[in-house]
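The chain below stands alone and is given as structure tokens, in the form predicted alone.
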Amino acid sequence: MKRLFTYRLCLIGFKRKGFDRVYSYTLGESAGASAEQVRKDFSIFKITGNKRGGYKIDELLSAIEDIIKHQEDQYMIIVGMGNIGRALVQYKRFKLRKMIIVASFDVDPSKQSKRWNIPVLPMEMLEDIIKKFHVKIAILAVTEISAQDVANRLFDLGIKGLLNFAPIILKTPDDVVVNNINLCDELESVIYYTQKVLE
């Protein structure tokens, strides 16, 4: 699925440059995958191209959108209104992809008094908002010390999907999906491979 998102990004780039077709080896080169991997990924979803003509970009984009799209708005919350939380609530592309952040939460009363694009509420209101909007997905942007406790509370309230920005691997129930985003680790990875290229 992550490669599909990468393919989509590359295809949008090709389309903006005026291309209407793309070959698997061209798309793979742009996406950091082999042509064989591209064809294999597409075949899983019964997406086929033409050996001579390649893939029509508009048809590929439409097929990928059909695979990953959700028909209804997906309501979600953010817990933690530090730098990451504030940046995320102001990210306009979420709405374009039917991801609606209905509220954010923070333990700091001074942050609760500020309004960004959405209300910043006290943690005591978590349950009310989750029930009101039938929220199943949350973004966690709290400190490492409090992350597990906050996550446990979210799980108890019915959260089934979590994007975790706290620098900790959370203990989670088997029926919960968690993606961990550690910015320092990502940068360390870039630094490591950059040094390898320069050697």
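Since the model is a prediction, treat every value here as computed from it, not as a measurement. Residue positions are given as counts along the sequence shown, with the first one as 1.
From this point on, the text means the form predicted in complex with a further copy of the same chain, which you will not see here.
**Student:** So which of 49 to 57, 126 to 134, 36 to 44, 139 to 147 is the stretch with heavy atoms within 4.5 Å of a further copy of the same chain in the predicted complex?
**Tutor:** Selected stretch: 139 to 147.
**Student:** Although the partner isn't part of this model, could you tell me whether Arg153 comes within 4.5 Å of a further copy of the same chain in the predicted complex, counting any heavy atom of the residue?
**Tutor:** Judged by the heavy-atom cut-off of 4.5 Å, Arg153 is well away from a further copy of the same chain in the predicted complex.
**Student:** Within 4.5 Å, heavy atoms only: does Ile169 come near a further copy of the same chain in the predicted complex?
**Tutor:** Yes, Ile169 lies within 4.5 Å of a further copy of the same chain in the predicted complex.
**Student:** Should Ile68 be classed as touching a further copy of the same chain in the predicted complex when contacts are defined as heavy atoms within 4.5 Å?
**Tutor:** Ile68: contacts a further copy of the same chain in the predicted complex.
**Student:** May I ask you to check whether Trp116 falls inside a 4.5 Å heavy atom distance of a further copy of the same chain in the predicted complex?
**Tutor:** Because no heavy atom of Trp116 falls inside 4.5 Å of a further copy of the same chain in the predicted complex, the answer is no.
**Student:** At a 4.5 angstroms cut-off on non-hydrogen atoms, which residues of 1 to 17 are near a further copy of the same chain in the predicted complex? List them in order.
**Tutor:** Counting only heavy atoms within 4.5 Å of a further copy of the same chain in the predicted complex, the contacting residues of 1 to 17 are Met1, Phe5, Thr6, Arg8, Leu9, Cys10, Arg16.
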